[in-house]
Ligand code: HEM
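Below, in structure tokens: the form predicted alone, a single chain.
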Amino acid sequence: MTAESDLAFDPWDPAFLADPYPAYAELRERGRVHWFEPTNQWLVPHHADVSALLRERRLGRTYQHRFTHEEFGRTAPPPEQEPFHTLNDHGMLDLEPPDHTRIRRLVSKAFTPRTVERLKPYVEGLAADLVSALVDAGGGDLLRDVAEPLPVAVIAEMLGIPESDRAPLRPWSADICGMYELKPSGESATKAVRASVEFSEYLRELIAERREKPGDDLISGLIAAHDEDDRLTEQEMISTCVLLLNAGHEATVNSTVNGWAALFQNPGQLAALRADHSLVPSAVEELMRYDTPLQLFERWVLDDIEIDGTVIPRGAEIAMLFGSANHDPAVFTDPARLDLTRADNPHISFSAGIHYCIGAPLARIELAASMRALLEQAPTLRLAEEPERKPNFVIRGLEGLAVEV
């Protein structure tokens, strides 16, 4: 175990945010678990430990199914943040069985391999149209013009959100996701609460409309499941829709821009990809590993566990470092090298265990579709200016990615 004062890990340092991977290497070299005082968390950097802990039932995304805040040694969130926590705490990502099992079973019907495969022509057509517009303009912001609109449109289409209502979805999502950073500011909390209220009110109205006039969409399907035998409350429906929208595009957006930034920094790999488009599937996996869109995932310790001789008590919080695990040389040969032909690539960018990303197959289709469209329609795509990284750690992305064709 290493004390935080001895660590290079500093999630608020711009130099660390620009490239956290050398600090991760130091963490891995110095041990399997580290106490980090600023966030009162135990950092876990190794792939084997992270993978095992994601499946460990002595850990949980919540503790409230077993303990009160007081019993768990924690303080309840401030009352003014109640709208955010009500929204967040009823989504399946922050629930444990049996509620998690019940909700995931209902939602998973919309993400069966057959259902996702049926979306492929729509996704590929939309990606082609977005890239065509970028090419016609001679370039633009790859994030704004392609990376964002593609997954937002796809998940909104699945949910049945009209095109005319989609403009606020990304801003709402960004404001809500600001609360997932380490020690979010008061301003972030205020934005998240406002977005939670507005998003919830919108969905409440849309659910009411779908009750009157059901459609062939996921919201109508969730309503039917709710109304049949009361298996899903209205709040669970709202929280599920918000979670699907947030998770359904945040990782895809950031994977797209992080990935292309990495390709521009590795021209040999980009040239190989341009010469052989059959590399797209392995490129998608490697780029998600190489610069992981979700760097950290947290779990509460529900019962004492031991890691490498260190007992971590009930009530503690563990921070699993996905970015570090994806660069662990015990699993990945030469992990700091981008290798689009990497065959053995058990990255954990989609998590694992019961909270494995339900939308992973759809995300892979979206990432591959936009990559193929850019390779085919913009074969000389190049960076127009150096991108600026967002000042976030947990959700890793760029402010934009200016490109020319």
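Just so we're clear, the structure is a prediction, and the values are computed from it rather than from any experiment. Residues carry their position along the shown sequence, with the first being 1.
As for the form predicted in complex with ligand HEM, it is not shown, yet the points below apply to it.
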Item to check | Per-stretch contact check against ligand HEM in the model of the complex, the hit in 238-246, 77-85, 126-134, 166-174 (non-hydrogen atom, 4.5 angstroms) | outcome: 238-246
Checklist entry - Given that ligand HEM is left out here, which of V301, L106, L270, L93 has a heavy atom within 4.5 Å of it in the model of the complex? => result L93
Item to check | Contact residue in the model of the complex, chosen from R210, H327, H100, K191 - any heavy atom within 4.5 Å of ligand HEM | outcome: H100
Next on the checklist: Is L367 part of the interface with ligand HEM in the model of the complex - any heavy atom within 4.5 Å?
Outcome noted: yes
Item to check | Contact of S351 with ligand HEM in the model of the complex (heavy atom, 4.5 Å) | outcome: yes
Next on the checklist: Just checking whether C357 would be counted as a contact of ligand HEM in the model of the complex - the rule being heavy atoms within 4.5 angstroms.
Outcome noted: yes
Checklist entry - Taking 4.5 angstroms as the cut-off for heavy atoms, does R61 touch ligand HEM in the model of the complex? => result yes
Checklist outcome for this item: Of the residues spanning 154-173, the ones with some heavy atom within 4.5 Å of ligand HEM in the model of the complex are I155
